[in-house]
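Presented below, as C-alpha cells, is a lone chain in the form predicted alone.
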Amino acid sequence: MTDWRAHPLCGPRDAYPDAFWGPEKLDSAAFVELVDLLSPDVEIAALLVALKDIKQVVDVGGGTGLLTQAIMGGAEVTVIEPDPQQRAKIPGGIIVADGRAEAVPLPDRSTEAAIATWVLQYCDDPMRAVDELARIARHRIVIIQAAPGNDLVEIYNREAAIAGKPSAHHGWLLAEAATRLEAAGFQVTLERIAIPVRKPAGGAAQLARTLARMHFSGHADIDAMIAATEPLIGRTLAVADTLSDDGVLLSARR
C-alpha cells in the first residue's frame, strides 16, 4: 500500500488534523458569485482526460453543473445533489436526482464512472462518501480537492479561526480517500491543476465578503472575518491579479 500521507500533493503532513474538521457549510448564492470568477479551463481539460472513453458518469454533489456540462457531450451524466437551489440551476439534458454523497440512491456498480469535485469537505462523513463512489463505479473515480498552497483554503482557515472552528486540510482528505480506494482495488494517481480566481470589479473587498459569506453567512463575526482577510486578498491581487484555487485531481481506475 502507498503511504499517501507522504505524497507532496497531500501535504503539508505536519499540519494533519486528528479528525475531519467539517462538515463545512456552503451558501449557494455566494458560491455562484465565486463560480463566476473562476477560470476552470485546466480543470475541465484534466477531468476530460481522466474520463476518456467513459460513456456513463454519475456526478455526486454536482452543484450548479459547471463541470458536468463539460463532460455531458461525450457521456450520459446523472447529477446527485442534495441542495434544491443548486439542482434548480443545473441545465437541461442532465439527469438530476436528490441525494447525498454518503447515501447515493443508485445500485452497486451501476455506472462506469463516478466523480466528486470539491465535495468531500461538505459531507457529514467524507470517507463514507468515498466508499459510496467505490460502490457505484465499475471502472473509474475522480475526486478533486484543494492543492497545497490554495489561497482560498488559507482564507477559510483564517475565517474559521475567528469562528472558533478547526482548520481545513484538503491533503488529509485526499490521502485518506486515496488509501481507501487503493484498498478497494483501484490504481490511484494525483495531479495538480491550476484554477485561478479572477479579480472582481469590487476588488479585494468584494472577494473577501463573497468568501466569508460562502462558509459563514449570517455568522456574528463575519465582519471580523472580512476585516482579517481583505488585506491578505489585496496583497495577493496586487502581485498576481488572481487568487489560487488550485486543486488536486485524484484519478482511480480498476
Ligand SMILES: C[S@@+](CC[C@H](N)C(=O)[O-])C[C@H]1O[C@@H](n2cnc3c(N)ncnc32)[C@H](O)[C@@H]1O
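We number the residues from 1 along the sequence you see. This structure is a prediction, so every number in the text was calculated from the model and none was measured.
Heads up, the form predicted in complex with the named molecule isn't pictured, but that's what we're talking about next.
K.L.:
Within 4.5 Å of the named molecule in the model of the complex, heavy atoms considered, which of T78, T117, T111, N150?
P.N.:
Going through each option in turn, the one that passes is T117.
K.L.:
Only one of A146, A134, C123, A168 has a non-hydrogen atom within 4.5 angstroms of the named molecule in the model of the complex; which is it?
P.N.:
Here the answer is residue option C123.
K.L.:
In the model of the complex, does each of Y156, A160 and I233 have a heavy atom within 4.5 Å of the named molecule?
P.N.:
No residue of the spot touches the named molecule in the model of the complex.
K.L.:
So in the model of the complex, is the named molecule close enough to D83 to count as touching (4.5 Å, heavy atoms)?
P.N.:
So D83 counts as contacting the named molecule.
K.L.:
Indicate whether L26 is a 4.5 Å heavy atom neighbour of the named molecule in the model of the complex.
P.N.:
Answer yes; at least one heavy atom of L26 falls within 4.5 Å of the named molecule in the model of the complex.
K.L.:
May I ask you to check whether I141 falls inside a 4.5 Å heavy atom distance of the named molecule in the model of the complex?
P.N.:
I141: no contact with the named molecule in the model of the complex.
K.L.:
If you check in the model of the complex, is A175 within 4.5 Å of the named molecule, heavy atoms only?
P.N.:
The answer is no: A175 has no heavy atom within 4.5 Å of the named molecule.
K.L.:
Residues in which of 221-229, 199-207, 186-194, 54-62 have heavy atoms within 4.5 Å of the named molecule in the model of the complex?
P.N.:
The contacting stretch here is 54-62.
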